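The same protein chain appears twice below, in two forms, each given on its own as structure tokens and labelled structure 1 and structure 2.
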Structure 1
């Protein structure tokens, strides 16, 4: 239950909703209790002192009684409406705030958090867990307050009529609460299972839709259908179990209500012979008992609801309390790259796999230079960049920027000076224009600048040839660009930021060598004082860089310019020979996959 404390600040924020809610609950119940009492006095007076002389008299009396009863129930209903309007509205507002709080936290967390947790988990906390918490904040709280108020008012009135009968008819109620608690716990458990199966089922469906091309290419329609059918079957069986429990639920409650009513009539009837209770009193008792049943039934339900909310809030808190490794600064100070970036004996091991991706790595990148990192796939190139961008923090060693440890500089400012083209391109389901503009710091960027960035990335012609040009929608419902086109768009995006330091992570891998050359030349021309860090597994991409470091198994094994490295006849030379002969093979095959 401790985990729910996190929500107290929200109760404070919405204290007026909360207090008004309590007031309306009391008022509504006050009218609710008046109703049986009114029935009692009517029955009692009908039994004794009212003399009916004509049909008209009877009609008038019935109208009066009916009218008054209706007024009471209207008043009860009106305040019931207000009670829901305050408490349920409060729960929806807190839900909104909580979702935003979680989302903001998600944005603050660094990438290592996202490497540890899967997307489904992140989504669940913000949707399902929050909705569990809301059920506690809304119905949970509302029914609890209602029970306390109603119980106090009703039991007081019952005792006023007959203390002994009160004691007797209340006996089945706690039993009922307990039973319902057990049943709703079971129901929650089963519906969780059903939900799991449901998400399993939608994962299978979703994967098979997006992988339809592969499924058809391998003629695997039948096996995929079987898999789906099996999952649907499990889902059906689990749902059936839930249906049984659900079906038992209402009859059990009705049985217990019946029992209490029976007790009221039987024992009340006996007591009326000895004039311990009036006939109206018995009628009022039946009303009261019925009034109490649902709130009592809700105790069990609310208890399991609160338990579920506590577990959910616990999970939410786990994420909310994760401290981001990055220093979170609100204002970004403009940052200007001065002189050099250095790695000094940096090591990094991926926690989850235990892979030591970077070992004792040292090198220095001077300002204004084109600096290249080459190595086979898996040698640690992307990890170096993640460390540079502070997405990961070194286990040992230090990364310095202009002599200052990168851990102590204001990271947002530094990031603004960077233009990063990641290895795997990510484009949003949005127009080409918005995708290119994404991340641009300048709100009034001109079309001319956008065109220039796209020209340098050699994608402008492709865009112009599209029917809707820059307004072309990308993503699931839009056009599908080829791998190389996506990479070039991603380069244009980072160029538009006009970065002081441009970082290209193997982002020309799907572009043919000719286009690659063109883009690299344009980049050279584009801005002389820019520092460019090119990462690639292909020598053709980096051969013109001023300084090249060769990475293998997370450490520098050779370095120098293209010509000096070739002269060494080492690792780099072998790689070069191999890639040249591969290129020839490709041309002989004439089936070259590279290019667009």
Structure 2
């Protein structure tokens, strides 16, 4: 139950819903308890005082008794409705707040968190786990309060009628409490296992749907289906173990309640012969015991709800309590890049793999220049950008911007000055227009500005050729566009921000060299105040940069302009010669293919 303490702040927030819910529960049960007492007095009166001399008298008495009983029932039902409208509504509002809290935490967590956790698991915790917590907050709490209030009122009235019979009738209840205590730990363990398997199932499903094109391309439908079926069977088997515990638990509770009913009839009947209790009192006892049947029978269900909620909240807390490496601020300060960005002996090691991606790295990026980073796959290029963009924080060393540590700059203001085109292009399942406008800091961006950004990215003509133009709806991740079209659309989205610092992370790999050259030349026109950082493994992409650093195993091995690096005939020169050779081979292959 310790994990559920996280929810206490929400109980304070919705304290009036909670307190009114308790009040309505007490009121509803008060009228519920008055009903057996009314039956008791009615039966006792019929047995002694009231004389029925005609059918009309019997009918009149029946109407009076039935009418009053109906009024008590309506009053109970009305306050029962109010009880649900307060406690259940409270649970829905807490569910809303908790999902927003989790989502906000997901937004704040840094890149390393997402490298260690699966999307399916993240989705399961914000959906299924929160749903289980809501069941505790709503039905779980409501039925628990109802049981406590009803038990207190009923036992008090039973004692007032016959203390000795009450003691005998309640004998099965301690045994019931012992069973609940013993089974709860087992249910908690099983609930946690079920939730873990459900997360695994969600992860497999999410990955399968996202990678459906790859699965079909390699004809791996059967193997993926087998993997999903095995996970589903594991989930089913663990769920069935939990169901078995519940299936044995609830009938046991019902048996013990039935035993109390039999004791009421048998012992109460014997006591009536000695006038220790009236016939109406026995009838009332049977009503009272039956009134306790569902609340006590629901103990097993409520216990299951609480245990599953505790297991789910524990899983939620694992993510909520993760400390982000970033300093996230609520407020945004305007930011303007003034002079230079510097890396000073920066090192970074990935926690999940132990790989030291960056080692004592130092370099400087002046404002207004085109700065390029090149290196082999895995050399640390993307890690440098992640550190620059504050998606990661360095293990040692310092990154400064205009002489100020980047960690002290308000991150929202800093990001507003950035335009980032990532290596892994992501487009939303929305129109082309909304995907481009997503990058704008200005909600009133004009169509002319959008066209200009698309023209610079060399995607405007392609958009105009589409049947619905900018209103063309894209599939998931822009599946109905080619790789090059997606990259160019992503560039246009970034340019629409009119950023002071433009970061291109190997985002031209899917376009031909002619289109690439055209885009890069367009980016240089009339943008002397903009600082452009280009990361690539292709020399054709970065050859016009004013300053180039060559990265290998997380360190700078060469730096300078394109011409300077070629003259040194080092790593950069060898890479250039190899890429030139590969390009010529490709051209020869293409020529042979068409019969030249």
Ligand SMILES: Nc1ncnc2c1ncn2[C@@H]1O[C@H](COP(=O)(O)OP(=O)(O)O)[C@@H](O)[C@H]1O
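Everything numeric in this text was worked out from a predicted model, so none of it was measured. Between two forms, the rigid core is the largest collection of C-alphas that superpose within 1.5 Å. Residue numbers count along the first chain shown, from 1.
Between the two chain copies, the one drawn from the form predicted on its own is structure 2. With the core superposed, residue 353 shows a C-alpha displacement below 2 Å between the two structures. Superposed on the core, the two forms differ at residue 243: its CA moves 2 Å or more between the two structures.
Core-aligned CA deviation for residue 311 between the two structures: 2 Å or greater. Shown is the Cα shift of residue 202 between the two structures after rigid core superposition, which amounts to 5.7 Å.
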